[in-house]
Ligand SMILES: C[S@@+](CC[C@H](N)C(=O)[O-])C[C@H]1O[C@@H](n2cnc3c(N)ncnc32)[C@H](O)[C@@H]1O
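Here's a solo chain for you in structure tokens, the form predicted alone.
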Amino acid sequence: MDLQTMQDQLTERLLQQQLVSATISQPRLKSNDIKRIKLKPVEIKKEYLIQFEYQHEHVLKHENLPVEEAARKLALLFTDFRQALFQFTDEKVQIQLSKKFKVIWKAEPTGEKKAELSHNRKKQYLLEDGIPYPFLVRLGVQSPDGKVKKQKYDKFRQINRFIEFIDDALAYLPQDRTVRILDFGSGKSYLTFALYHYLRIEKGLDLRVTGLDLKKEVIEECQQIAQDLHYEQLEFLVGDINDYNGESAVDMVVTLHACDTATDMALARAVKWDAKVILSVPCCQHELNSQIDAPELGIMLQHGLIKERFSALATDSIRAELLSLVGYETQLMEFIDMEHTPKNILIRAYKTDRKPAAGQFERYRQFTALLSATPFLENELKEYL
């Protein structure tokens, strides 16, 4: 089979909505930043789309495309990848491409399978609309009968997205003792309560969770809610990340929207506590903005808005790289859709004690030298680097 015939057959199956799932792998070049691509059909606002999940080494990105555009995208991808596995409604197809783009197409009939689009959307929600959860009712997200309030649906989606990250982290948490979790900058604590509910109530983990924030009135209210709900292993304290010295070891550190270097302080504390899981959504990255001196990037950085955004992205990239250098498997993930907030990057790090790749530290040095940057987090972690 030649390349054009293969593409025609795939396009026909996509147009007939036969796709259940697919994985494209084995990049032709080691330098290819995308390591794997997963496809599945989704239904968004009653429109049938194909979702592409691009798996980079440290980042996951998603793109939803109409069928015709998805078919064109597939044709381009097969110039860069050598293997694919497609599950259609009636057969499984394995595709391999040679160096000269000769196609090996192996089809195997399967039992009737169906891409249940509504199920695909619903399975993303570990907390379901229509089931009352006491903490969501108390926090005003749900009505007493479990219906999510219209004005709170974005918050409900955010909470579910966060719980997905918590669920993914379960394998890295101890199962034979009390799990210690700290949430720096817990604020109104929607996510702190969600974390506690999911791990304690639904998963049955023995744990102790502390939410820390500077706003006394908010902390008092959260503490009262925790008491009313009989969340006995959840506490809220007034305090600053810089001054908190109540622990010698912590299993999970969560930091959401801690401003500027407060995020770095929390990350550094997490490393020093040997935290197995770090989840951080940074906010207001100013440090690098004032340091950057990179004439080579002058065309970009002459614009204040671009410089601000570039500084934020560079800051989070540096944070992820530093965590990787000290033994964490680190990814930058999309937390919630950009349409809801521009502060949508989550740093997820699992402690694996994996050694840095050859030349990784030198690559980091070259990047910070290009920017003339001396990151706060690097200084905090210098004894580990």
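Counting begins at 1, following the sequence as shown. What you see is a predicted model, and the numbers here were worked out from it, not measured in a lab.
Same protein, other form: the form predicted together with the ligand, not shown, and the subject of what follows.
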#### Entry: Of Ala262, Ala75, Leu173, Leu126, the one that lies within 4.5 Å of the ligand in the predicted complex (heavy atoms)
Ala262
### Query
Of these, Leu97, Ala71, Ala258, Val148, which has a heavy atom no more than 4.5 Å from the ligand in the predicted complex?
Ala258
### Query
What stretch, of 268 to 276, 133 to 141, 83 to 91, 185 to 193, brings heavy atoms to within 4.5 Å of the ligand in the predicted complex?
185 to 193
### Message
in the predicted complex, is there a heavy atom of the ligand that lies within 4.5 Å of any heavy atom of Leu205, even though the partner is absent here?
### Response
no
### Message
Taking the ligand as it sits in the predicted complex, is Asn242 near enough to touch it, meaning that at least one heavy atom pair lies within 4.5 angstroms?
### Response
yes
### Message
So, Ile104 and the ligand: in the predicted complex, are they within 4.5 Å at any heavy atom pair?
### Response
no
### Query
Would Ile306 count as a contact of the ligand in the predicted complex, using a 4.5 angstroms cut-off between non-hydrogen atoms?
no
### Query
Which residues from 298 to 333 come close to the ligand in the predicted complex, meaning a heavy atom within 4.5 Å?
none
